[in-house]
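For reference, the chain that follows is the form predicted on its own, supplied as structure tokens.
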Amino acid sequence: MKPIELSFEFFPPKMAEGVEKLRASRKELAKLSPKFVSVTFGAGGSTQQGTLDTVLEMASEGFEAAPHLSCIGSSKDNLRAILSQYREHGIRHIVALRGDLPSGMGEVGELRYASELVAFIRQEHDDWFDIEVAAYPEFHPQSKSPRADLENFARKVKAGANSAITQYFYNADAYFTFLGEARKLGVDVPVTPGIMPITNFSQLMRFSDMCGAEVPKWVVRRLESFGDDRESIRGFGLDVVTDLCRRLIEGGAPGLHFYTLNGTQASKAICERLGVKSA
């Protein structure tokens, strides 16, 4: 079996303690030889400087670092300045997203959709950047219909995206069905499944409510039954997510993108169960 292509998502820490934790985490995950790492971008660009600083530090350590960039709440001039900064520092990989407006901010900005952001990046920088976009196997919670969401995804790709990363999910069939439907619309780029390890039940349910990811009822009931037994939650979560990853890879997924929440233990354990060797 060919090696599994891995990538990991981190967020820019706000406190010194968080900075040190992230440094330790990525040092550990670097042993798994990820293809790239991504760094999130806060609502309305609220972590803009933190994203830049984190990306540049990771790049200096030898990672291919891909900053997230969202267009909601931002002007073209601001986006132009951010992209120029990344290009000046040799960053060639971007995760282009619509993003969310921070609470209380009323201005949507000059670009309203991720497809417009992708087109803007291509217009400004041609093929300098390798552009990732988001995909939603269980459909974006704000989409009008599954068909509308698929068409929106196809627009992002046709605007110039090179590849996509999905929202996390726990139903492999959702991914394969989405992929099949996207292919019918002419989408031929790699679509990498986003993987969320299960380590904390209440946190998982909170995140899933916000992003529209479905946690299967049988998984919820089992997690509920463990109460505050963190070891049982972690062990069961490893079993569920490892089985999901195995099915995705065996079904032809191009790789796995882990949402690490700046930790290492769960993502590393899943990768090791899948046979990924540490360097």
Ligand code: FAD
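For every residue, the number given is its place in the sequence shown, counted from 1. Keep in mind the model is a prediction, meaning the values are calculated, not measured.
Here the subject shifts to the form predicted in complex with flavin-adenine dinucleotide (FAD), a form of this protein not shown in this document.
*Asks:* Can you say which of 81 to 89, 180 to 188, 199 to 207, 110 to 118 gets within 4.5 Å of flavin-adenine dinucleotide (FAD) in the model of the complex, counting heavy atoms only?
*Replies:* Single hit among the candidates: 110 to 118.
*Asks:* Does flavin-adenine dinucleotide (FAD) get within 4.5 angstroms of any non-hydrogen atom of Arg122 in the model of the complex?
*Replies:* Arg122: no, not in contact with flavin-adenine dinucleotide (FAD) in the model of the complex.
*Asks:* Please tell me whether any heavy atom belonging to Glu138 falls inside 4.5 Å of a heavy atom of flavin-adenine dinucleotide (FAD), as the geometry stands in the model of the complex.
*Replies:* Taking the distances in the model of the complex, the answer for Glu138 is no, it never comes within 4.5 Å of flavin-adenine dinucleotide (FAD).
*Asks:* Within a 4.5 Å heavy atom cut-off, is Thr166 in contact with flavin-adenine dinucleotide (FAD) in the model of the complex?
*Replies:* Residue-level check for Thr166: yes, a contact with flavin-adenine dinucleotide (FAD).
*Asks:* When the contact criterion is heavy atoms within 4.5 Å, does Asp173 count as touching flavin-adenine dinucleotide (FAD) in the model of the complex?
*Replies:* It does not: once flavin-adenine dinucleotide (FAD) is placed as it appears in the model of the complex, Asp173 has no heavy atom within 4.5 Å of it.
*Asks:* May I ask whether Thr40, Ala134 and Gln142 all come within 4.5 angstroms of flavin-adenine dinucleotide (FAD) in the model of the complex, judged by heavy atoms?
*Replies:* Yes.
*Asks:* From first to last in sequence, which residues of 242 to 270 have any non-hydrogen atom within 4.5 angstroms of flavin-adenine dinucleotide (FAD) in the model of the complex?
*Replies:* Contacts from 242 to 270: just Tyr259.
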